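A single chain, nothing else alongside it, follows as structure tokens in the form predicted on its own.
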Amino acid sequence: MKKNVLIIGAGGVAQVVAHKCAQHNDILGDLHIASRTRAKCDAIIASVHEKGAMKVPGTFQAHAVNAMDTAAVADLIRQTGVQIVINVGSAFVNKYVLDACIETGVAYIDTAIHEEPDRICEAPPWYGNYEWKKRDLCAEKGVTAILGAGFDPGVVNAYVRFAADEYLDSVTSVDIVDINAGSHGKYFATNFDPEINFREFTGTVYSWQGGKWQENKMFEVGREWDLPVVGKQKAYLSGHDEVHSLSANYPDADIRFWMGFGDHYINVFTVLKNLGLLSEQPVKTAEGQEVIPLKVVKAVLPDPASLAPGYTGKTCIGDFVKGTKDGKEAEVFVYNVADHKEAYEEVGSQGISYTAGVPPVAAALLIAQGTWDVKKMANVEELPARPFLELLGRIGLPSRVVTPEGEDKPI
């Protein structure tokens, strides 16, 4: 049994994680949250108390830390006595926080793949560039490290495992479809860190098809999907983290990720990209000041956390998993629908942050209770799916499955 949690990060997803940890502090124990700016952590803790989220009286403390300083993170882990770290900071800090967890022997959970600030879209599989290089060390030291335990990656990985375990004899293709049918009312904004958001869409789109990596350009391949609640929506083949682990664990299946975009987003994105404003490489202004265009764009766009109060509508994220059952072709659709307004009313964040923030808390609870305390590094599809999905349903993210027979039922 492990307890006492340190949350790294203080953005919209961290706010959800904080509230959900507080709602289960009877199991998770003492809570701590740290980021470069302590005031942001203090504000999140204040929101937890305003909502009365703490299930039982207990500790919830804020700290300042540079998460790219492994030694500083390790010192904070020792100082607080935590046994589980939930890393929802920038993707740029992942490898440093992971190293601190390995050094101190505590469990590690993240929600996205590590990225280097000056590199976009490295060679696939992306996990092989950083995280998987520490697999042997985690196993040697008995350190539980759960990679990509958000929604996508994370829950969508579990959907594949769930379909394979309970409905199919073999998996031949996986199409992950992410649709946000909500509206934030702004001229233009991104639902999570603009820098990370744009980096996802300026590089090569990698999918795993025919047993090899296929390369496309963003917005090159699109199709319409008809989904529960949100209806018919256009989505585009996109590069995404989960493709890079699922392709290793289901090498005989085609693995594709599709994300929904409106025409307005595509138009603005295209102009920004064509002007060079989405570049991660520094440029000099006429005054001799060095700036990174992508960071300037991030600075002028709305903070994703600020979108929450006025956000309306729903999201639908799910997996179409095809394969065979008893020698015949079969398809399973596993999905979740989330509501932006309901998320804001519960935890003060919009639905995108909510779907990303609830799953790592479920992972922490499963580690605390021993179910996922595997003492090695694992991607979510390598772990038992049903306990994870059932727990998610109990704490705020219920999933449903459309069986090969066409029955739509809760998990």
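This is a predicted model, so every value here is computed, not measured. The first residue of the sequence shown is number 1, and the count goes up from there.
What comes next is about the form predicted in complex with another copy of the chain, which is not displayed.
Every residue of the trio Arg36, Asn274 and Val283 has some heavy atom no more than 4.5 Å from another copy of the chain in the model of the complex. Though the partner is left out of this view, Arg199 does not reach within 4.5 Å of another copy of the chain in the model of the complex, counting heavy atoms only. Interface membership of Thr270, defined by any non-hydrogen atom within 4.5 Å of another copy of the chain in the model of the complex, is confirmed. The shortest heavy atom separation between Lys295 and another copy of the chain in the model of the complex is within 4.5 Å. In the model of the complex, at least one heavy atom of Leu301 sits within 4.5 Å of a heavy atom of another copy of the chain. Remark: of stretches 232-240, 140-148, 262-270, 313-321, the one touching another copy of the chain in the model of the complex is 262-270 (heavy atom within 4.5 Å). A heavy atom within 4.5 Å of another copy of the chain in the model of the complex is found for one listed residue only; from Glu290, Glu224, Asp326, Asp118, this is Glu290. Residues of 59-84 are not found to place any heavy atom within 4.5 Å of another copy of the chain in the model of the complex.
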